[in-house]
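Coming up is one lone chain in structure tokens, specifically the form predicted alone.
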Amino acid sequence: MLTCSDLRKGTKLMIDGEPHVIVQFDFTKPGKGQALYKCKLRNMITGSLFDRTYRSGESFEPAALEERDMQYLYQDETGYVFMDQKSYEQTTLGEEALGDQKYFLVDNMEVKILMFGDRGIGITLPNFVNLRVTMAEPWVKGDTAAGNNKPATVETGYNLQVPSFVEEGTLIQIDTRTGEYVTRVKE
């Protein structure tokens, strides 16, 4: 069991039989009375957000979640299909479970799937992924009015800002946690 003192941003706990994660946490100790633990929680299955305030002394059931190493195979009309590396079982995640992380999936990429029972509810990507730029406006030498960055699109359809020297066909590294350009990749 978890107590209020165990609550932190990122803590996963069960509420009404469903796993939730704390996305925002604030501790308040008023002059009189019990300490207050204000939490913004996200339902890990539906994605809904809500606020709750807990008082010291309350206890919580930790979320029974498991991470499995899987390989991304392909996307079809049912969703994104992953395969367990050991048992060869396949799990399909819908677009709502992936959010913007879908733009960083590359065939045969190894990821960690967060499982609630037999159901996949989330994904952990590698911190960095290499993707090829498919569209970027050409850079005119001496053009300093536009700044140092320009918009670009990579092979998965993700749009981001890249330095002006990046051209179409360039392989770039993207930080999957922030979605930002990191560096050019030498081939």
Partner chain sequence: MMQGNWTLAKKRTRLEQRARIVQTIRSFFVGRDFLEVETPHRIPGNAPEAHIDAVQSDDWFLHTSPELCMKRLLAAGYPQLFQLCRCWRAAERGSRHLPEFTMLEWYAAGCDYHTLMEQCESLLATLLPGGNLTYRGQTIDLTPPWERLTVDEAFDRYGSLSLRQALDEDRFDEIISFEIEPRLGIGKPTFLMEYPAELAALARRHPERPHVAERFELYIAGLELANAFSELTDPVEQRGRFVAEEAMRRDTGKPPYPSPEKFLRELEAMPEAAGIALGVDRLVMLITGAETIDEIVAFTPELL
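All figures in this text were calculated on a predicted structure; none of them were measured in a lab. Residue numbers count along the first chain shown, from 1. Rigid core here is just the name for the largest C-alpha set that superposes within 1.5 Å across the two forms.
Beyond what is shown, the protein has a form predicted in complex with its partner chain; the following relates to that form.
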Since exactly one of 59, 53, 124, 159 fits, which has a heavy atom within 4.5 Å of its partner chain in the predicted bound form? 53
Option touching its partner chain, based on a heavy atom within 4.5 Å in the predicted bound form, out of 138, 151, 30, 47: 30
Given the stretches 128-136, 151-159, 62-70, 34-42, which is the single one in contact with its partner chain in the predicted bound form, using a heavy atom cutoff of 4.5 Å? 34-42
So in the predicted bound form, does any heavy atom of residue 118 sit within 4.5 Å of its partner chain? no
Contacts with its partner chain in the predicted bound form - residues in 69-84 whose heavy atoms fall within 4.5 Å: none
Following rigid core alignment, is the displacement of the residue 58 C-alpha between the shown form and the other one equal to or greater than 2 angstroms? yes
Determine whether the C-alpha of residue 7 shifts by 2 Å or more between the shown form and the other one once the rigid core is superposed. yes
